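Below you will find one chain, with nothing else, as structure tokens; this is the form predicted alone, and questions on how it binds or moves follow later.
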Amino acid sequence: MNNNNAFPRVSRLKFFLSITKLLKKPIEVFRGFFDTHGDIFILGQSDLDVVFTQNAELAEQVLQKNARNYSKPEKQKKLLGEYLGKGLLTSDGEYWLKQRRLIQPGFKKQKLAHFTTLMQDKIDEFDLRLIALAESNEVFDITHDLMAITFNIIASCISSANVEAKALSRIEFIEVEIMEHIVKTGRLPFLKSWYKLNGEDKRIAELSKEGDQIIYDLIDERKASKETHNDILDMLLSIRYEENNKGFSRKQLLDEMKILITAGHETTANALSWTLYLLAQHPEVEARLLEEIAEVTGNDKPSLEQLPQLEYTKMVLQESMRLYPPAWITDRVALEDDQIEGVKIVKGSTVAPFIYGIHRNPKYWDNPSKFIPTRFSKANSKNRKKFSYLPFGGGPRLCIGNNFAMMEMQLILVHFLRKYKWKLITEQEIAYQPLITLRPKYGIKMQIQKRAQLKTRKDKTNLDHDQQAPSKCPFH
């Protein structure tokens, strides 16, 4: 990158001097560098440097315009692939493209319609827990509970056949353990030898093998039963390669199911946690949200047809994910030389779009630190800078489950708000923890109370009529 003299450079020594803080608070470290050096800075002095950016144009070039020239880093693919296999998240190149084209039709909006019933069933089951919490006035961590409900939803949609609760619970535990291990190993690679010595690697490998077997059992039981359930497993089993009419191998089915389970619940739970946290601090937003829910759904569950009418509900979720993006940073390696925004990107070097920074960049957002859902109205979204909003990534690798996630979040949020009042506990520390996803570090503690039925437009009309109409009674 010898032609990049116009862009500030941060020496590797300076970068690694902040390693302790980087491990604990990476977002603060990156924001500090961007505040000092602008929207693009370069780490290192060699040709194989890392370009960190919160510039939407550069992000667009890497993720979409010239996406074929950029690959996920090999170390990242190897680390994730060791435990998650070779699914959509961890594969690249022609294999990824072929798999994506085969799987994507199953996640189009019209194909997701039947999942609303499965989602509602799991939300109704979870309501027993919320009723108990409301009656006891117990303080609880909403993130923990949202992890449970979103996990049950994705597990049900992947395999709608009866799966033992014990098996589901075990898969969830194993997934959490593996993801924490991946993050530790990725950020502190020099501890890899220590993990071998202290038995951590062996423990995680055994857990991974156990989790694989649980999923294999689901696959084998479904194949043996020859039953159809109209779920994601059925969809994966029905896929055929054009060249030989063969379906996915048993290992391919395992890998894709693991990716969907991993990516399909934590990001959703985190986004909903931050949304409830923001709403608790903005009663005026919550009030408008309740008005829309009452107008569109009354006091009933929202139907699939009503979800597009819940426009403000969607705006609230979008704004929450702007402030707290599920994936806060990403990176790509250049396969050939490239140039964009005056930056020469040399083959083999890395470009890292800092999504958290792009979402709060004042070049693209007015009052970027404020919670303003209406910035996502149709009118306000018309002139938004491309790739200034990346809650599900962007370009060809846009998250395949983005429609699924939005539908799920709308259903859960509507249920939670129309039935319960949510109160944030003030005596707690709220902080984010940037792991693979942006989760609340200490959880978010709240209390809930049962809410009276929402006043619908019909109720208000009747109330106004009763108050304003002249009485026909001669004694009044």
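In this text, all values refer to a predicted model and were calculated from it rather than measured experimentally. Residues carry their position along the shown sequence, with the first being 1.
One more form of this protein, predicted in complex with protoporphyrin IX containing FE (HEM), exists but is not displayed; see below.
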*Where does protoporphyrin IX containing FE (HEM) sit in the model of the complex: which of 214-222, 375-383, 390-398, 339-347, heavy atoms within 4.5 Å?*
390-398
*So in the model of the complex, are 88, 263 and 326 all sitting within 4.5 Å of protoporphyrin IX containing FE (HEM), heavy atoms only?*
yes
*asked:* Under a 4.5 angstroms heavy atom criterion, identify the one residue in 181, 332, 122, 314 near protoporphyrin IX containing FE (HEM) in the model of the complex.
replied: 332
_Position in contact with protoporphyrin IX containing FE (HEM) when the complex is considered in the model of the complex, options 142, 171, 294, 259, heavy atoms within 4.5 Å_ = 259
_Test of understanding: in the model of the complex, would residue 195 fall inside 4.5 Å of protoporphyrin IX containing FE (HEM) by heavy atoms?_
no
_Considering non-hydrogen atoms and a 4.5 Å limit, does protoporphyrin IX containing FE (HEM) approach residue 96 in the model of the complex?_
yes
*Counting only non-hydrogen atoms and a 4.5 angstroms cut-off, does residue 233 reach protoporphyrin IX containing FE (HEM) in the model of the complex?*
no
*Contact test in the model of the complex: residue 371 vs protoporphyrin IX containing FE (HEM), heavy atoms, 4.5 Å*: no
*Even though the chain is shown alone, can you say which residues of 91-122 have a heavy atom within 4.5 Å of protoporphyrin IX containing FE (HEM) in the model of the complex?*
96, 100, 107
